[in-house]
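Shown here is one chain on its own, the form predicted on its own, set out as structure tokens.
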Amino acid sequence: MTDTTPGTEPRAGTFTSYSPATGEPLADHPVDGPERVGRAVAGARAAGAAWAALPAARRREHLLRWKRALAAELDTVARTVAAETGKPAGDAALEVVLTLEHLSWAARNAERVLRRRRVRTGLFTVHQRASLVHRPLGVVGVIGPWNYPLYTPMGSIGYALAAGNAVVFKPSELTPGTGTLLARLFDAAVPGHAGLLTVVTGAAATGEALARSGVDKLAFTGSPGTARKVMAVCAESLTPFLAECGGKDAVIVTADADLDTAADAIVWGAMANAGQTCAGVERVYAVREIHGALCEKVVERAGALRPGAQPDADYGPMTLPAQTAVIERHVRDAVAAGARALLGGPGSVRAPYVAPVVLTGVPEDAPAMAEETFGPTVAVNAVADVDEAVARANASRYALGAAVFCRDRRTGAAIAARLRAGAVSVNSVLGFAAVPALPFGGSGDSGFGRIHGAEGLRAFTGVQSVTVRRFAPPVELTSFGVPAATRERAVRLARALHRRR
């Protein structure tokens, strides 16, 4: 993912967002500097104290009211997402639907997941009652991406609010209208909590100001390079950092797989949203005996897709204009290194649109296999067997998502368990992203930490360990008054017990 916006420079304290499909200006937005960001964080801290003090049931009521407001304004929100990203209206509406599912789950499950939990004590602490408490962090900063400007940041925003925090959100400078609309709907649905969800707008400098503002945690989605820069700023104040940095997701297709199902899923996973999906399909490893047949089916389906701005287009333009150069370079370098273009090629780029590209025989060290392409391209390579497929899939420095297509579901699950990816689907792609109870995140250049699910709620809390002395212990060991003989007997007892157990 990329986080800069060439051609969108601040002027007199504002910047302009543009339609990636037509180049027409959409709206002007303020460039929020350190002072404005600092005020937003201070306001959030004041509002957050009252929010954290509410019973969990009351927070649930407020968040579900916000969810209903988003559902009532689904068409308006989807139009805003579509205008700023260029994606078809249907894709934008689906993004809102998935957001509603996650917000509903977070609101309804936060109390259960984060409630005080008793834990067992040990032999020498039997006189203590021990429990675990999850406490809100305070103010969570969120820096969002442009490819899914609602669904992705809400994986942090909704869960952080459900966990009892306040949020300051910086949307991408390409999609600021989506962020401001989100906050506006929140304020209308949850009156009396002004400042609890605040949006600050601007480019990289605004994001840096948020990282330096004293937030209690920063959740970031973007490129690995930008993540390293933001994390370095957070390190200065030891601000906890959660990073989701994209992927180079692999699909493994076994000899007995349903090739029609696999081809349909591969094409959708690679081409939906013009390939601008962090967990999108970019690499396919098919065992040699079915490789040719799979390629034919993938080419047939991908060749029927039409990019464009028309209502019936299958996908839209590249939201970030500079991304077209990355795609063209990856395809050109792959062909020059010996790959075959089964569909499209370097000439498929007609900015701001990119026609579908299907490659095969791409060297593993080519950029098209090693770097995130983030476009409607896919490489379908042949492998000798599943072992080779797993080895190649795991060789990437990215480890976000993956998929396995295999007739036998148990075998598919066994293959999935061998993959390094943070999330794996068997006989589908991106199935995990639609299940709110499942955590989402990766490792390596895909980042670290988890959003969604119970782990996503806990990610925005601090764990407090509490012990309460119930009665005087038979032998008090935490005192300078303990006789040496008593301490020695306790040590002998512990040694004897632990040598046997």
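In this text the structure is predicted, and so the values were computed from the model without any measurement. Residue numbers here begin at 1 and follow the sequence given.
Heads up, the form predicted in complex with nicotinamide-adenine-dinucleotide isn't pictured, but that's what we're talking about next.
For nicotinamide-adenine-dinucleotide in the predicted complex, the listed stretch (81-89, 307-315, 207-215, 284-292) containing residues with heavy atoms inside 4.5 Å is 207-215. A residue is said to contact a partner when one of its heavy atoms sits within 4.5 Å of a partner heavy atom; Phe440 meets this definition for nicotinamide-adenine-dinucleotide in the predicted complex. Though the partner is left out of this view, Pro171 does reach within 4.5 Å of nicotinamide-adenine-dinucleotide in the predicted complex, counting heavy atoms only. Interface membership of Gly144, defined by any non-hydrogen atom within 4.5 Å of nicotinamide-adenine-dinucleotide in the predicted complex, is confirmed. Remark: Thr152 counts among the residues lining nicotinamide-adenine-dinucleotide in the predicted complex, judged by a heavy atom distance of 4.5 Å or less. Checked against nicotinamide-adenine-dinucleotide in the predicted complex, the residues Ala302, Ala393, Leu197, Cys245 give one hit for a heavy atom within 4.5 Å, which is Cys245. Interface residue among Val386, Ala203, Leu430, Leu94, judged by heavy atoms within 4.5 Å of nicotinamide-adenine-dinucleotide in the predicted complex: Ala203. Contact residues in stretch 372-402 (any heavy atom within 4.5 Å of nicotinamide-adenine-dinucleotide, taken in the predicted complex) are Glu372, Phe374, Leu400.
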